[in-house]
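Given as structure tokens, the chain that follows is alone and in the form predicted on its own.
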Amino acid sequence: MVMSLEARYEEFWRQSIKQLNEVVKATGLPIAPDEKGQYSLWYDVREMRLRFSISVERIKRFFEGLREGKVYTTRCKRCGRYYFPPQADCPYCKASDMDWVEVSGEGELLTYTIINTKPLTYSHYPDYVVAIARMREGFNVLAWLRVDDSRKVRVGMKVKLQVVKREPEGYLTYEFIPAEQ
């Protein structure tokens, strides 16, 4: 039987709360080691689940682009500044006169970090790389960098921004891949 992602979260939460309650009962403190046993973590005993919704009406072209396999940014028609993620208004000019521009996808890695200790809702992913790259157009993008071996990542390497389906959630997003193999 295959367990859905939500069912896996629920089971993980149920087990985590059970273990936390046992720790608090035994030690008087909600402190336990992380999953790798390296660091002591404080666990709040109050559960707070959060799902938010925000209007994307004025930038929905960005999401339509993802569906088409394209990544778009906005550029102010007055000052020429790019905004990524796209913005409907230019905070510099205080104008709403923006162009939609397809991103070339070509970038150079500025910095990165390897995520070893993940928030609970990312715990089902193996360790991953989050990177910032300077795009050919002159703006920066923050995204995951998909690599088979994080030891190959280096500042200055060429990367390509692409649309991907993030599994197991099944939604479209963007991430980098090395442009050079």
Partner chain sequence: MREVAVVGVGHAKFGRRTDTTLGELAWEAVKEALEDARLDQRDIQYFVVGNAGGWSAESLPAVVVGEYCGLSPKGTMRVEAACATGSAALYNAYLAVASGMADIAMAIGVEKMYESPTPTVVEFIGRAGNYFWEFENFGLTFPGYYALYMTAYMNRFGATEEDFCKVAVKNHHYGSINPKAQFYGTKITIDQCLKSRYVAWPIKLYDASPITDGAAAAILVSEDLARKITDTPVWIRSVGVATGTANLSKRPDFIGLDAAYQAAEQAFKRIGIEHKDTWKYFDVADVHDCFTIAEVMAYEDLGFVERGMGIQLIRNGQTYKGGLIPVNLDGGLKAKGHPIGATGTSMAVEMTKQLRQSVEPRDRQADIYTGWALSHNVGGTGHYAYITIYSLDKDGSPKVKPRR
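Residue numbers count along the first chain shown, from 1. The structure displayed is predicted, hence computed values, not measured ones. Here the rigid core means the biggest group of C-alpha atoms that line up within 1.5 Å when the two forms are laid on top of each other.
Keep in mind that the form predicted in complex with the partner chain is missing from the display, and what follows is about it.
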Decide whether residue 26 counts as a contact residue for the partner chain in the model of the complex under a heavy atom distance cut-off of 4.5 Å. no
At the 4.5 Å heavy atom threshold, is residue 35 in contact with the partner chain in the model of the complex? yes
Using heavy atoms and a 4.5 Å limit, would one call residue 96 a contact residue for the partner chain in the model of the complex? no
At the 4.5 Å heavy atom threshold, is residue 111 in contact with the partner chain in the model of the complex? yes
Do any residues of 124 to 145 have a non-hydrogen atom within 4.5 angstroms of the partner chain in the model of the complex? If so, which ones, in sequence order? 128, 130, 132, 134, 140, 141, 142, 143, 144
Does residue 173 move its CA by 2 angstroms or more between this form and the one not shown when the core is aligned? no
Superposing on the rigid core, do we see a C-alpha displacement of 2 Å or more at residue 17 between this form and the one not shown? yes
Fitting the rigid core first, would the Cα of residue 31 be found 2 Å or more away between this form and the one not shown? yes
